[in-house]
Structure formats: structure tokens, C-alpha cells
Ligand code: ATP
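One chain follows as C-alpha cells, the form predicted alone.
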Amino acid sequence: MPPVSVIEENAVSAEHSIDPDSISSSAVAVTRALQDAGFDAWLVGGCVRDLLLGLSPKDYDVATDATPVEIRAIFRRSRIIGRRFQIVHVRMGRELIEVTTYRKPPNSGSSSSKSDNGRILDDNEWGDLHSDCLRRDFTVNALYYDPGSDEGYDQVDGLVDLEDRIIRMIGNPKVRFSEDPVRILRAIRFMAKLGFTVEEQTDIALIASKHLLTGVPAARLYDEVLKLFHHGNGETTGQLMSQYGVFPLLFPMLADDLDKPFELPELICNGLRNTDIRIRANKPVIPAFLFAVCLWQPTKSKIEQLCAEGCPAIPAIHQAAESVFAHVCETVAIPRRVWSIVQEIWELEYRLRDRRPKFIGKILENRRFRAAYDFLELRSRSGEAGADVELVKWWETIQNVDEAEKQKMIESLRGQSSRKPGGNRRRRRPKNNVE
């Protein structure tokens, strides 16, 4: 099928046009280099969708008929990555452009390319532009655009669905979700990010297929969770995941019964809302804070149980954290380096509640202080016991006073009865314990 002009022949409204100045010069350079070498090359997927919507794409993908080896030979600063799905990362200045070779849809008759439940195991069978379009997930992600000729390729009425703000699966939705259950999370992310609705048959298949997420490798789900919550619409994403029953599938320790409706806890809602605010303000966010918020409830319950059995608070925090870590990694493989920061946040937040005078100075200098303070503030806002408003105000104040006033605030704590959030401290044994 010959390409058609996105702007003229296949446009569904005047707003569906692409401003050449809004396109990454690095992405344009990659397509031009491939075309100069005699290959097809198109911008494809989310970057085209976002450009047509007047948004600024975060990433740029290029589709071509060149194989990974041929792509690698053209670009000196490039490398081939992946096994199940081979792609080439091309470095252009500070940008990373992802280049993929045209694929064929998975061969339904081949037992080697799919698992027993239909999940694709090998997706490296090269195809052409027509076949590559049909194997993509949603119609709005199957739009191709050549910035050099200002031509586009739309075989599946993606522009129509873009105009109607609809997410529609290409092909049989149930089969396509079984091929890659992560498409369920992608659909939810696009609903939250773009404000689109899901087409009826796609929606029915999504609900019927959600259980397949439990068969996705845990390491891959970790990456997908970050994409879900770190795109600036995390709170809406979390609510949709709760509505579709997906949240407890990823974090089963949050729900006693997966068959019952799951309501997102207020602490998690507040945490996702805070993350959205920071991302929209171009402030940094860390994955550890997200998991500290999402997994606090089961950890807190475990801490309380251990403390009731006589375990001191800090060891109880460590033991509870390790127990939750082992559990969550069965579904979402959080790296140990990230989880160690989660533990630091929880432990330091306990010390914020404890307010032992001799530790105040070190706490304020701790690199995790801001994350622990934010966590304390979230718990207070969510109405959790042990995180009262006055305590939050005290820590807010001490961050913003001069050294002399800081010392006065610390001295005022001496002689006060120590708080015991989470459990009793270890009692000293008498030196001469004679029975």
C-alpha cells in the first residue's frame, strides 16, 4: 500500500498536522541516514501519535527494513540489544533513538515462537511495512511518518481513532493480549496519559485477560511499573489499575482477596499525586519513594506484629522489609539497590517520629532526609497514627531556621518523654541480676 500524506489526504481534521520544527533533529537525522543508505525509514508509534496531538514526545522510535546488523553498520554510536525482540539503540548527541526492523506478526502455527498460553517468546522474524503495521498493538500507535517527504502511512484507521480519542487493539484483542499481557498495562497508561477511552471489545478482552500478567517475567514488570507511575499521571493510572483489578495482581500483598473489588488506599493516592506534581514541575523522583509508599501498609502490619512479640523497632523494620521484599519480588522484581533505599526511608521516618535529641543533627544531614520527611508528611495527610500534624510542622520548621534556633529546638526535646512509635525499646538488664 503506497504511503499517503498525513497532512492532506489522510487527515481527519486540521489539527492533525505535524509541525516540522517540533520534531527531534536527531530522529530526523537517523531516518535520513537510513534512507541515504537505501533503506526505508519512518518515525513510528507513540512519537507520531504525540506529535499529531500537539504533545512533545519523550522518546522517538524509527522503523526500517534494514536488519539490526545493517543498522549497526550505518551508525558508529549504536548497539544491538534484546533477545526476544532485537532492537538497535542509536546515540545522536544526547538523544537515544530506538530503531526497529519491520516484523511479521507471530506465526500462530509455530510452537517455538509462543508459549502454551500464547505469549510471544521470539519476535525477530523480519517483514515489510504492511506486516509491521499489523503486528503493532493499538491503532493510534500504528502511525508512520516520514519527516523528509512529509508523508504518512495509516493502514488501520489510527487517525480516525486518534480523532475520536479511542484505544483500539489491532486484530483480535484477546489473542493480542495473550501474545503480550503487558499490553494491558500499556492500555491503562494511555488511558491515563491521553484521556482516551478503550473500545468496547478491547475493554472486554482486557478484563478477561488481566490474570495473564502473573505470567510476565517479574523483571519486566518492574520496568513497566515505573512507566505507569512516572509519566505525570500516576494518580489517574493508579485509580484505573484499581478499577480494572490490576493493582493487586502486581502487589498481591495489598489485598486479602483478589476476587473482591480493590480500593486504592489514601496513602498511595496521595503519594502518586505528589509524584505527579514533582514530575510536572520537572523535579526529580526516585523509584524507591514510590515503592516505600505502595508497600508501607503490609510492612507496617508486619512491624506491629514483630514489636508486639518484643522485637525492638529498628530490627522490626528491617525484618518486615525483608519479608515484604521477598514477597513482592515474586511479581515485580525490585532491584536490591532500590529496595535498600526503601528501607532507609522507612527507618529514617521512624527516627523522625522518635526525635531523639542526640540524633537530630545527623538526621538533618542524612541524604534520605527529604524522602523520609515527605513520607512522614504523606502519612500525616492520610490520617495515619503516629504521624501527627504538629510533628510534621516541627520538622518543617527546623529545616528553615538558623543554627541558634535549631539548637534551641533540639534542647527543648531534652527531658521530654520519648515517643515510642512502632514498639518499645530494648530494656537494659541489671548488671547484677541475682535471683
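Residue numbers here begin at 1 and follow the sequence given. This is a predicted model, so every value here is computed, not measured.
Beyond the structure shown, there is the form predicted together with the ligand, which is absent from this document and is the topic of what follows.
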item	value
In the predicted bound form, residue 388 touching the ligand (heavy atom, 4.5 Å)	no
Close approach of residue 408 to the ligand in the predicted bound form, 4.5 Å, heavy atom	no
The ligand contact in the predicted bound form: residue 68, any heavy atom under 4.5 Å	no
Partner proximity in the predicted bound form: residue 49 to the ligand, non-hydrogen atom cutoff 4.5 Å	yes
Residue among 141, 239, 233, 343 with a heavy atom within 4.5 Å of the ligand in the predicted bound form	141
Contact residue in the predicted bound form, chosen from 300, 353, 168, 183 - any heavy atom within 4.5 Å of the ligand	183
Option from 23-31, 389-397, 373-381, 53-61 whose residues, in the predicted bound form, bring a heavy atom within 4.5 Å of the ligand	53-61
Stretch 296-324: residues contacting the ligand in the predicted bound form, 4.5 Å heavy atom cut-off	none
